[in-house]
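In the C-alpha coordinates that follow, a single protein chain appears in two forms: structure 1, then structure 2.
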Structure 1
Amino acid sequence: MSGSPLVEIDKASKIYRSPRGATTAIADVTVQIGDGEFVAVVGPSGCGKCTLLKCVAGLEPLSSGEIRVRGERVDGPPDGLGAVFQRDVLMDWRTALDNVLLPAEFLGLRRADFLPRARELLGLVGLADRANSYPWELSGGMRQRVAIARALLCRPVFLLMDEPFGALDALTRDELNVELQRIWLAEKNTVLFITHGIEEAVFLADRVLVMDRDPGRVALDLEVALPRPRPIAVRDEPAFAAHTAKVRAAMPRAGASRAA
(Lines of atoms letter the chains of each structure in order from A and count residues from 1; the text may use other names and numbers.)
(Lines give C-alpha, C1' and ligand atoms only; values in the text may rest on other atoms or scores of the structure.)
Protein backbone atom coordinates (compact mmCIF):
# COMPACT_ATOMS: atom_id res chain seq x y z
CA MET A 1 0.00 0.00 0.00
CA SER A 2 3.03 2.25 -0.07
CA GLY A 3 3.43 4.78 -2.88
CA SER A 4 6.60 6.59 -3.95
CA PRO A 5 9.04 6.94 -1.05
CA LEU A 6 8.42 10.00 1.10
CA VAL A 7 11.54 9.46 3.19
CA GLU A 8 14.81 8.00 1.99
CA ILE A 9 17.40 7.27 4.65
CA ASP A 10 20.62 6.59 2.81
CA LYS A 11 23.65 5.12 4.65
CA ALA A 12 22.91 7.40 7.60
CA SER A 13 25.42 7.42 10.45
CA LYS A 14 25.46 9.54 13.57
CA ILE A 15 28.40 9.75 15.92
CA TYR A 16 28.10 11.81 19.09
CA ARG A 17 31.46 13.23 20.07
CA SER A 18 32.33 14.51 23.50
CA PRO A 19 35.61 15.06 25.35
CA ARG A 20 35.05 11.65 26.96
CA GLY A 21 34.94 9.85 23.65
CA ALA A 22 32.72 9.13 20.66
CA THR A 23 29.47 7.12 20.61
CA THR A 24 28.25 5.69 17.35
CA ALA A 25 24.49 5.96 17.82
CA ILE A 26 23.52 4.69 14.36
CA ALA A 27 25.70 3.30 11.59
CA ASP A 28 24.90 2.90 7.91
CA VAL A 29 21.14 2.84 8.26
CA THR A 30 19.38 2.60 4.91
CA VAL A 31 15.57 2.61 4.94
CA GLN A 32 12.86 3.92 2.66
CA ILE A 33 9.46 4.95 3.92
CA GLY A 34 6.65 5.11 1.39
CA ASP A 35 4.15 7.94 1.22
CA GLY A 36 1.32 7.04 3.56
CA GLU A 37 3.18 4.15 5.14
CA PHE A 38 3.11 3.34 8.85
CA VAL A 39 6.55 2.17 9.97
CA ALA A 40 7.25 1.01 13.51
CA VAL A 41 10.74 0.71 15.00
CA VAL A 42 11.54 -1.60 17.89
CA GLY A 43 14.88 -2.32 19.48
CA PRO A 44 16.71 -2.52 22.80
CA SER A 45 17.36 0.60 24.86
CA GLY A 46 20.23 2.67 23.50
CA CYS A 47 20.15 1.27 19.96
CA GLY A 48 19.66 4.71 18.45
CA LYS A 49 15.89 4.92 17.94
CA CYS A 50 15.63 8.48 19.30
CA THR A 51 18.70 9.44 17.33
CA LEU A 52 17.20 8.13 14.09
CA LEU A 53 14.02 10.08 14.74
CA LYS A 54 15.90 13.31 15.55
CA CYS A 55 17.89 13.01 12.35
CA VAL A 56 14.80 12.37 10.23
CA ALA A 57 13.16 15.40 11.87
CA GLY A 58 16.13 17.53 10.85
CA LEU A 59 16.91 18.36 14.47
CA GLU A 60 20.33 16.65 14.54
CA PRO A 61 22.79 16.69 11.65
CA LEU A 62 24.07 13.34 10.38
CA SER A 63 27.76 12.49 10.64
CA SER A 64 27.63 10.83 7.23
CA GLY A 65 25.06 9.68 4.72
CA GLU A 66 21.93 11.52 3.74
CA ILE A 67 18.24 11.72 4.55
CA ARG A 68 15.83 12.97 1.90
CA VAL A 69 12.19 13.90 2.35
CA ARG A 70 10.25 14.25 -0.93
CA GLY A 71 13.57 14.00 -2.70
CA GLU A 72 15.05 16.96 -0.84
CA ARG A 73 17.99 16.66 1.49
CA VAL A 74 16.96 17.26 5.11
CA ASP A 75 18.85 20.06 6.84
CA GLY A 76 16.05 21.31 9.08
CA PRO A 77 12.54 20.17 9.96
CA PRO A 78 10.65 19.37 6.74
CA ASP A 79 7.18 20.71 5.91
CA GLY A 80 4.06 19.22 7.45
CA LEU A 81 5.86 17.56 10.35
CA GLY A 82 4.30 16.54 13.65
CA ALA A 83 6.21 15.03 16.55
CA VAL A 84 5.78 13.35 19.91
CA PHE A 85 9.06 13.05 21.80
CA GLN A 86 9.97 10.47 24.38
CA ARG A 87 9.44 13.09 27.09
CA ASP A 88 6.20 15.07 26.90
CA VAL A 89 7.88 18.54 27.04
CA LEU A 90 4.70 20.39 27.96
CA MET A 91 5.02 24.04 28.88
CA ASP A 92 4.29 24.56 32.56
CA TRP A 93 2.98 28.05 31.93
CA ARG A 94 0.24 26.92 29.56
CA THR A 95 -2.96 24.99 30.17
CA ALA A 96 -3.46 21.63 28.46
CA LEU A 97 -5.55 23.35 25.77
CA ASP A 98 -2.93 26.04 25.18
CA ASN A 99 -0.25 23.38 24.96
CA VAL A 100 -2.26 21.55 22.30
CA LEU A 101 -2.59 24.81 20.35
CA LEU A 102 1.15 25.49 20.30
CA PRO A 103 1.92 24.09 16.82
CA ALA A 104 -0.66 26.42 15.26
CA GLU A 105 0.88 29.41 17.04
CA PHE A 106 4.40 28.49 16.01
CA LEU A 107 3.37 27.83 12.42
CA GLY A 108 1.83 31.29 12.33
CA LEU A 109 -1.72 29.99 11.87
CA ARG A 110 -4.79 31.52 13.46
CA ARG A 111 -5.38 30.09 16.89
CA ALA A 112 -9.14 30.55 16.66
CA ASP A 113 -9.28 28.32 13.57
CA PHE A 114 -7.81 25.43 15.53
CA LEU A 115 -9.70 25.83 18.79
CA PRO A 116 -12.50 23.37 17.91
CA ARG A 117 -9.98 20.79 16.70
CA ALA A 118 -7.88 21.20 19.82
CA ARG A 119 -10.91 20.51 21.99
CA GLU A 120 -11.91 17.56 19.83
CA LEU A 121 -8.41 16.05 20.12
CA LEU A 122 -8.40 16.50 23.89
CA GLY A 123 -11.69 14.63 23.93
CA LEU A 124 -10.19 11.93 21.74
CA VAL A 125 -7.40 11.28 24.26
CA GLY A 126 -9.93 11.33 27.11
CA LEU A 127 -9.03 14.72 28.57
CA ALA A 128 -12.02 16.84 27.56
CA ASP A 129 -12.59 17.86 31.18
CA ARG A 130 -8.94 18.76 31.82
CA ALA A 131 -8.55 21.37 29.05
CA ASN A 132 -7.91 24.10 31.61
CA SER A 133 -5.57 22.12 33.86
CA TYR A 134 -1.90 22.99 34.00
CA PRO A 135 0.65 20.27 33.20
CA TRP A 136 1.83 19.99 36.79
CA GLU A 137 -1.74 19.14 37.79
CA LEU A 138 -1.80 16.14 35.42
CA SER A 139 -0.49 12.60 35.83
CA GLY A 140 2.36 11.29 33.68
CA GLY A 141 0.00 9.43 31.36
CA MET A 142 -2.31 12.44 31.03
CA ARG A 143 0.65 14.64 30.11
CA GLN A 144 1.68 12.17 27.44
CA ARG A 145 -1.83 12.21 26.01
CA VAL A 146 -1.75 16.02 25.82
CA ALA A 147 1.51 15.71 23.88
CA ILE A 148 -0.16 13.29 21.43
CA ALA A 149 -3.09 15.67 20.89
CA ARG A 150 -0.60 18.49 20.29
CA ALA A 151 1.21 16.48 17.61
CA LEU A 152 -2.04 15.84 15.71
CA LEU A 153 -3.34 19.42 15.82
CA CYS A 154 -2.24 20.66 12.41
CA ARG A 155 -2.93 17.36 10.61
CA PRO A 156 0.73 16.54 9.94
CA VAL A 157 1.45 14.67 6.71
CA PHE A 158 4.51 13.17 8.36
CA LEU A 159 4.20 12.11 11.97
CA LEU A 160 7.14 11.13 14.19
CA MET A 161 6.26 9.39 17.45
CA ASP A 162 8.84 8.33 20.03
CA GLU A 163 7.27 5.88 22.50
CA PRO A 164 4.11 7.98 22.71
CA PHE A 165 2.18 5.40 24.73
CA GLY A 166 5.05 4.41 27.01
CA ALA A 167 3.56 5.98 30.12
CA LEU A 168 0.05 4.57 29.72
CA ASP A 169 -1.75 1.61 31.26
CA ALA A 170 -2.51 -1.36 29.00
CA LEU A 171 -6.18 -0.53 28.54
CA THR A 172 -5.69 3.12 27.58
CA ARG A 173 -2.85 2.04 25.38
CA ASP A 174 -5.11 -0.38 23.48
CA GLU A 175 -7.76 2.30 23.05
CA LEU A 176 -5.27 4.82 21.74
CA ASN A 177 -3.74 2.21 19.40
CA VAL A 178 -7.15 1.68 17.81
CA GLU A 179 -7.71 5.46 17.74
CA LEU A 180 -4.33 6.13 16.12
CA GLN A 181 -5.06 3.51 13.45
CA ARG A 182 -8.40 5.20 12.75
CA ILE A 183 -6.79 8.64 12.47
CA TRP A 184 -4.07 7.27 10.21
CA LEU A 185 -6.61 5.53 7.96
CA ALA A 186 -8.62 8.76 7.73
CA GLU A 187 -5.75 11.20 7.21
CA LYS A 188 -3.42 8.93 5.22
CA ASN A 189 -0.30 10.44 6.74
CA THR A 190 3.10 8.83 6.95
CA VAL A 191 4.09 7.66 10.42
CA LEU A 192 7.43 6.69 11.96
CA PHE A 193 6.56 5.13 15.29
CA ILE A 194 9.08 4.07 17.93
CA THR A 195 8.01 1.64 20.63
CA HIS A 196 9.22 -1.01 23.04
CA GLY A 197 6.06 -3.04 22.52
CA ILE A 198 6.37 -5.76 19.87
CA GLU A 199 2.60 -6.37 19.86
CA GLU A 200 1.93 -2.66 19.53
CA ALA A 201 4.37 -2.43 16.61
CA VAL A 202 2.81 -5.34 14.72
CA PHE A 203 -0.72 -4.14 15.46
CA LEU A 204 -0.13 -0.63 14.10
CA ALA A 205 2.46 -0.91 11.39
CA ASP A 206 2.71 -1.77 7.71
CA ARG A 207 6.35 -2.52 8.35
CA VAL A 208 8.28 -3.25 11.52
CA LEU A 209 11.99 -2.41 11.70
CA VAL A 210 13.98 -4.22 14.37
CA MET A 211 17.15 -2.41 15.40
CA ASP A 212 20.28 -3.83 16.97
CA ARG A 213 22.83 -1.81 18.89
CA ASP A 214 26.56 -1.14 19.10
CA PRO A 215 26.35 0.28 16.58
CA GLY A 216 22.66 0.99 15.96
CA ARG A 217 21.56 -0.66 12.73
CA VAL A 218 18.52 -2.28 11.15
CA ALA A 219 18.48 -6.03 11.86
CA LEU A 220 15.10 -6.90 10.35
CA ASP A 221 12.62 -5.17 8.04
CA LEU A 222 9.33 -7.06 8.26
CA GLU A 223 6.24 -6.43 6.16
CA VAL A 224 2.96 -6.79 8.14
CA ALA A 225 0.28 -7.72 5.64
CA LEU A 226 -2.68 -8.00 8.00
CA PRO A 227 -5.92 -6.47 6.67
CA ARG A 228 -7.17 -3.07 7.93
CA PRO A 229 -8.84 -1.84 9.95
CA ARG A 230 -7.41 -4.25 12.50
CA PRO A 231 -9.59 -4.85 15.55
CA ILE A 232 -7.83 -5.20 18.89
CA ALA A 233 -8.74 -8.93 18.79
CA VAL A 234 -6.48 -9.40 15.77
CA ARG A 235 -3.75 -10.03 18.33
CA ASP A 236 -5.30 -13.44 19.13
CA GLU A 237 -5.02 -14.63 15.55
CA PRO A 238 -2.28 -17.03 14.44
CA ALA A 239 -1.19 -14.71 11.60
CA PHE A 240 -0.54 -11.99 14.15
CA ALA A 241 1.39 -14.33 16.42
CA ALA A 242 3.52 -15.41 13.45
CA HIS A 243 4.59 -11.80 12.96
CA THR A 244 5.37 -11.11 16.60
CA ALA A 245 7.36 -14.34 16.74
CA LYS A 246 9.54 -13.21 13.83
CA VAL A 247 10.13 -9.83 15.45
CA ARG A 248 10.92 -11.40 18.81
CA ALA A 249 13.39 -13.78 17.21
CA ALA A 250 15.21 -10.88 15.57
CA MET A 251 15.34 -8.83 18.79
CA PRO A 252 18.84 -8.87 20.22
CA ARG A 253 18.98 -10.44 23.67
CA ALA A 254 19.73 -8.06 26.51
CA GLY A 255 23.47 -7.55 26.80
CA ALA A 256 24.22 -10.18 24.13
CA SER A 257 26.16 -7.87 21.83
CA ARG A 258 28.16 -6.43 24.71
CA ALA A 259 29.01 -9.78 26.30
CA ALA A 260 30.71 -11.01 23.12
Structure 2
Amino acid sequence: MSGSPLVEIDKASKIYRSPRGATTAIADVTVQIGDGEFVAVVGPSGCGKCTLLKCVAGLEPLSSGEIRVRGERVDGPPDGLGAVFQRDVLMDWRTALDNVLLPAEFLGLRRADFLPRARELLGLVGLADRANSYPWELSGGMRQRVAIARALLCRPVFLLMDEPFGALDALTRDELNVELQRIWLAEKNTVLFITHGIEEAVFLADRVLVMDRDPGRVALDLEVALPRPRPIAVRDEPAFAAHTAKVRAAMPRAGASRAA
Protein backbone atom coordinates (compact mmCIF):
# COMPACT_ATOMS: atom_id res chain seq x y z
CA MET A 1 0.00 0.00 0.00
CA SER A 2 1.30 3.44 -0.93
CA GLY A 3 0.08 6.83 0.29
CA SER A 4 -2.36 7.52 3.09
CA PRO A 5 -4.84 4.74 3.92
CA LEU A 6 -8.49 5.26 3.04
CA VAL A 7 -9.58 2.60 5.55
CA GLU A 8 -7.89 1.94 8.90
CA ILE A 9 -8.91 -1.08 10.96
CA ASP A 10 -7.21 -0.83 14.35
CA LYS A 11 -7.28 -3.78 16.78
CA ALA A 12 -10.87 -4.56 15.84
CA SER A 13 -12.66 -7.26 17.80
CA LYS A 14 -16.28 -8.39 17.72
CA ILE A 15 -17.86 -10.62 20.36
CA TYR A 16 -21.40 -11.94 20.05
CA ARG A 17 -23.06 -12.69 23.38
CA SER A 18 -26.05 -14.94 24.04
CA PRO A 19 -27.51 -16.88 26.99
CA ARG A 20 -25.30 -19.79 25.91
CA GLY A 21 -22.12 -17.76 26.18
CA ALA A 22 -19.84 -15.52 24.13
CA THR A 23 -18.43 -16.12 20.65
CA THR A 24 -15.48 -14.11 19.37
CA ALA A 25 -16.04 -13.58 15.66
CA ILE A 26 -12.93 -11.46 15.01
CA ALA A 27 -10.05 -10.64 17.34
CA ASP A 28 -7.48 -7.86 17.22
CA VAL A 29 -7.68 -7.30 13.45
CA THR A 30 -5.41 -4.49 12.26
CA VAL A 31 -5.40 -3.66 8.53
CA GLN A 32 -4.94 -0.57 6.38
CA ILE A 33 -6.40 -0.23 2.88
CA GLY A 34 -5.02 2.40 0.52
CA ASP A 35 -7.02 4.73 -1.70
CA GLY A 36 -7.85 2.86 -4.92
CA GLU A 37 -6.58 -0.46 -3.59
CA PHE A 38 -8.33 -3.79 -4.23
CA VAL A 39 -8.11 -6.01 -1.15
CA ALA A 40 -9.60 -9.51 -1.06
CA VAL A 41 -10.38 -11.39 2.15
CA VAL A 42 -10.37 -15.18 1.94
CA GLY A 43 -10.88 -17.88 4.53
CA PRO A 44 -13.10 -20.78 5.56
CA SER A 45 -16.65 -20.47 6.85
CA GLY A 46 -16.72 -19.13 10.38
CA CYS A 47 -13.48 -17.14 10.13
CA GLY A 48 -15.18 -13.77 10.52
CA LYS A 49 -14.95 -12.49 6.93
CA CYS A 50 -18.56 -11.33 6.77
CA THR A 51 -18.45 -9.97 10.33
CA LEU A 52 -15.44 -7.86 9.38
CA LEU A 53 -17.27 -6.54 6.33
CA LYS A 54 -20.37 -5.67 8.38
CA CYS A 55 -18.24 -3.80 10.91
CA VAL A 56 -16.43 -1.86 8.17
CA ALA A 57 -19.83 -1.02 6.64
CA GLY A 58 -21.06 0.31 9.98
CA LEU A 59 -23.78 -2.33 10.18
CA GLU A 60 -22.32 -3.99 13.30
CA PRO A 61 -20.62 -2.16 16.20
CA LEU A 62 -17.21 -3.37 17.31
CA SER A 63 -16.74 -4.77 20.79
CA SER A 64 -13.33 -3.11 20.95
CA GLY A 65 -10.94 -1.35 18.62
CA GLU A 66 -11.76 1.19 15.95
CA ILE A 67 -12.44 1.47 12.20
CA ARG A 68 -11.87 4.75 10.37
CA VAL A 69 -12.78 5.66 6.79
CA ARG A 70 -11.07 8.81 5.49
CA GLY A 71 -10.04 9.54 9.07
CA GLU A 72 -13.60 9.44 10.43
CA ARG A 73 -14.55 6.82 12.98
CA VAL A 74 -17.18 4.41 11.66
CA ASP A 75 -20.31 4.37 13.83
CA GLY A 76 -22.79 3.83 10.98
CA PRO A 77 -22.60 3.41 7.20
CA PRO A 78 -19.92 5.88 6.03
CA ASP A 79 -20.55 8.36 3.25
CA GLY A 80 -19.41 7.28 -0.18
CA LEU A 81 -20.04 3.58 0.44
CA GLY A 82 -21.30 1.13 -2.20
CA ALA A 83 -22.09 -2.55 -1.74
CA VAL A 84 -22.66 -5.69 -3.83
CA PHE A 85 -23.85 -8.95 -2.27
CA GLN A 86 -24.11 -12.60 -3.31
CA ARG A 87 -27.81 -12.09 -4.04
CA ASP A 88 -28.32 -9.26 -6.50
CA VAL A 89 -31.51 -8.05 -4.72
CA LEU A 90 -32.89 -6.48 -7.89
CA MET A 91 -36.52 -5.35 -7.94
CA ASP A 92 -38.31 -7.58 -10.44
CA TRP A 93 -40.85 -4.92 -11.41
CA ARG A 94 -38.17 -2.43 -12.44
CA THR A 95 -36.07 -2.49 -15.60
CA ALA A 96 -32.29 -2.84 -15.46
CA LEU A 97 -31.97 0.93 -15.93
CA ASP A 98 -34.47 1.66 -13.17
CA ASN A 99 -32.67 -0.75 -10.83
CA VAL A 100 -29.37 1.04 -11.45
CA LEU A 101 -31.05 4.37 -10.62
CA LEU A 102 -32.32 3.17 -7.23
CA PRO A 103 -29.53 4.66 -5.07
CA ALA A 104 -30.18 8.16 -6.43
CA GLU A 105 -33.91 7.81 -5.76
CA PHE A 106 -33.24 6.45 -2.26
CA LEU A 107 -31.11 9.51 -1.49
CA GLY A 108 -33.80 11.85 -2.81
CA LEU A 109 -31.68 13.02 -5.75
CA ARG A 110 -33.07 14.01 -9.14
CA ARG A 111 -33.39 10.98 -11.43
CA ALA A 112 -32.69 13.07 -14.52
CA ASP A 113 -29.29 14.08 -13.14
CA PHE A 114 -28.22 10.44 -12.93
CA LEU A 115 -29.67 9.04 -16.14
CA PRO A 116 -26.49 9.63 -18.19
CA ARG A 117 -24.37 7.99 -15.49
CA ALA A 118 -26.74 4.99 -15.28
CA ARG A 119 -26.62 4.45 -19.04
CA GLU A 120 -22.83 4.85 -19.00
CA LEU A 121 -22.55 2.18 -16.31
CA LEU A 122 -24.80 -0.26 -18.14
CA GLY A 123 -22.47 0.19 -21.10
CA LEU A 124 -19.45 -0.34 -18.85
CA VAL A 125 -20.83 -3.69 -17.63
CA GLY A 126 -21.78 -4.74 -21.18
CA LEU A 127 -25.55 -4.30 -20.86
CA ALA A 128 -26.23 -1.15 -22.86
CA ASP A 129 -28.70 -3.08 -25.02
CA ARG A 130 -30.56 -4.51 -22.00
CA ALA A 131 -31.45 -1.24 -20.26
CA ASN A 132 -35.18 -1.90 -20.69
CA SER A 133 -35.03 -5.59 -19.74
CA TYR A 134 -36.53 -6.79 -16.48
CA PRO A 135 -34.49 -8.93 -14.03
CA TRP A 136 -36.47 -12.07 -14.90
CA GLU A 137 -35.32 -11.62 -18.51
CA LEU A 138 -31.63 -11.63 -17.51
CA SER A 139 -29.22 -14.43 -16.66
CA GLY A 140 -27.62 -14.66 -13.22
CA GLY A 141 -24.41 -13.11 -14.51
CA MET A 142 -26.30 -10.26 -16.16
CA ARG A 143 -28.20 -9.59 -12.95
CA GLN A 144 -24.94 -9.28 -11.02
CA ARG A 145 -23.64 -6.86 -13.64
CA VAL A 146 -26.71 -4.71 -13.00
CA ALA A 147 -26.04 -4.93 -9.25
CA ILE A 148 -22.44 -3.75 -9.79
CA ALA A 149 -23.63 -0.87 -11.96
CA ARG A 150 -26.16 0.09 -9.28
CA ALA A 151 -23.45 0.11 -6.61
CA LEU A 152 -21.30 2.43 -8.74
CA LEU A 153 -24.05 4.94 -9.62
CA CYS A 154 -23.22 7.57 -7.00
CA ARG A 155 -19.45 7.19 -7.53
CA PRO A 156 -18.66 5.48 -4.22
CA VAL A 157 -15.22 6.03 -2.77
CA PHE A 158 -15.31 2.62 -1.10
CA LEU A 159 -16.96 -0.52 -2.48
CA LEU A 160 -17.77 -3.57 -0.34
CA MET A 161 -18.37 -6.86 -2.18
CA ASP A 162 -19.60 -9.86 -0.19
CA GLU A 163 -19.10 -13.03 -2.28
CA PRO A 164 -20.83 -11.40 -5.27
CA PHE A 165 -20.13 -14.31 -7.63
CA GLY A 166 -20.52 -17.17 -5.15
CA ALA A 167 -23.85 -18.38 -6.56
CA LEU A 168 -22.73 -18.41 -10.21
CA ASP A 169 -21.39 -21.27 -12.30
CA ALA A 170 -17.62 -21.48 -12.82
CA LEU A 171 -17.57 -20.14 -16.39
CA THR A 172 -19.78 -17.16 -15.57
CA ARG A 173 -17.72 -16.49 -12.46
CA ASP A 174 -14.49 -16.41 -14.49
CA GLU A 175 -16.10 -14.06 -17.00
CA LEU A 176 -17.25 -11.69 -14.26
CA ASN A 177 -13.83 -11.79 -12.58
CA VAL A 178 -12.36 -10.40 -15.80
CA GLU A 179 -15.18 -7.88 -16.14
CA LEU A 180 -14.85 -6.71 -12.52
CA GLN A 181 -11.12 -6.19 -12.98
CA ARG A 182 -11.80 -4.11 -16.12
CA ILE A 183 -14.47 -2.04 -14.34
CA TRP A 184 -12.21 -1.48 -11.32
CA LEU A 185 -9.33 -0.36 -13.54
CA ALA A 186 -11.71 2.15 -15.15
CA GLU A 187 -13.36 3.41 -11.94
CA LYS A 188 -10.48 2.99 -9.44
CA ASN A 189 -12.67 2.57 -6.38
CA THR A 190 -11.23 1.19 -3.18
CA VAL A 191 -12.59 -2.37 -2.90
CA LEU A 192 -12.91 -4.83 -0.01
CA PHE A 193 -13.90 -8.15 -1.59
CA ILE A 194 -15.00 -11.17 0.45
CA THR A 195 -14.66 -14.62 -1.12
CA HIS A 196 -14.14 -18.31 -0.42
CA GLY A 197 -12.21 -18.67 -3.67
CA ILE A 198 -8.42 -18.64 -3.38
CA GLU A 199 -7.86 -18.29 -7.12
CA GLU A 200 -10.52 -15.59 -7.36
CA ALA A 201 -8.84 -13.61 -4.56
CA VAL A 202 -5.37 -13.82 -6.12
CA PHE A 203 -6.68 -13.01 -9.60
CA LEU A 204 -8.56 -9.87 -8.53
CA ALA A 205 -6.64 -8.34 -5.67
CA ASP A 206 -3.66 -6.11 -5.02
CA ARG A 207 -3.47 -7.76 -1.60
CA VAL A 208 -5.04 -10.90 -0.17
CA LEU A 209 -5.88 -11.12 3.53
CA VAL A 210 -6.08 -14.71 4.75
CA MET A 211 -8.27 -15.16 7.83
CA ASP A 212 -8.05 -18.02 10.27
CA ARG A 213 -10.81 -18.85 12.74
CA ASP A 214 -11.38 -19.52 16.46
CA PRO A 215 -11.06 -16.58 16.74
CA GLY A 216 -11.15 -14.78 13.39
CA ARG A 217 -7.81 -13.11 12.79
CA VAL A 218 -5.56 -12.12 9.90
CA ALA A 219 -3.09 -14.96 9.37
CA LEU A 220 -1.46 -13.50 6.24
CA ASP A 221 -1.41 -10.16 4.40
CA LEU A 222 -0.06 -11.05 0.95
CA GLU A 223 0.82 -8.56 -1.77
CA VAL A 224 -0.08 -9.94 -5.20
CA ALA A 225 2.87 -9.08 -7.43
CA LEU A 226 1.24 -9.82 -10.77
CA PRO A 227 0.95 -7.23 -13.57
CA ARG A 228 -2.40 -5.87 -14.72
CA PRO A 229 -4.61 -6.31 -16.59
CA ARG A 230 -4.64 -10.02 -15.76
CA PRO A 231 -6.13 -12.45 -18.29
CA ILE A 232 -7.73 -15.66 -17.04
CA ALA A 233 -4.74 -17.50 -18.54
CA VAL A 234 -2.55 -16.00 -15.80
CA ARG A 235 -3.92 -18.76 -13.56
CA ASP A 236 -1.80 -21.26 -15.51
CA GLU A 237 1.44 -19.40 -14.81
CA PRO A 238 3.96 -20.44 -12.11
CA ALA A 239 3.88 -17.00 -10.45
CA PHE A 240 0.13 -17.29 -9.96
CA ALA A 241 0.49 -20.81 -8.54
CA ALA A 242 3.14 -19.54 -6.12
CA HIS A 243 0.72 -16.91 -4.78
CA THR A 244 -2.14 -19.39 -4.34
CA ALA A 245 0.25 -21.80 -2.58
CA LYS A 246 1.13 -19.10 -0.04
CA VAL A 247 -2.55 -18.45 0.62
CA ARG A 248 -3.30 -22.15 1.14
CA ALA A 249 -0.31 -22.59 3.41
CA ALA A 250 -1.61 -19.81 5.66
CA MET A 251 -4.81 -21.74 6.41
CA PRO A 252 -3.63 -25.15 7.69
CA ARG A 253 -5.82 -25.17 10.79
CA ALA A 254 -8.91 -24.18 8.86
CA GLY A 255 -8.91 -27.23 6.65
CA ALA A 256 -9.09 -25.10 3.54
CA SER A 257 -10.16 -26.91 0.40
CA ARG A 258 -7.60 -27.53 -2.31
CA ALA A 259 -10.22 -26.34 -4.79
CA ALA A 260 -10.46 -22.59 -5.13
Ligand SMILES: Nc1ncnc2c1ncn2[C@@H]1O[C@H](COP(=O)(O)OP(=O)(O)OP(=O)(O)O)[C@@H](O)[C@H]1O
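Sequence positions of structure 1, starting at 1, serve as the residue numbers. Between two forms, the rigid core is the largest collection of C-alphas that superpose within 1.5 Å. What you see is a predicted model, and the numbers here were worked out from it, not measured in a lab.
- One chain, two forms displayed separately, with the form predicted in complex with the ligand being the first of them, structure 1.
- Split into two rigid parts for the change between structure 1 and structure 2, the chain puts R73 and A186 in the same part.
- 19 degrees is the angle through which the smaller rigid part turns against the larger between structure 1 and structure 2, based on C-alpha superpositions.
- Core-superposed comparison between structure 1 and structure 2: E137 shows a Cα shift of 8.8 Å.
- In this core superposition, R111 moves its Cα by 3.4 Å between structure 1 and structure 2.
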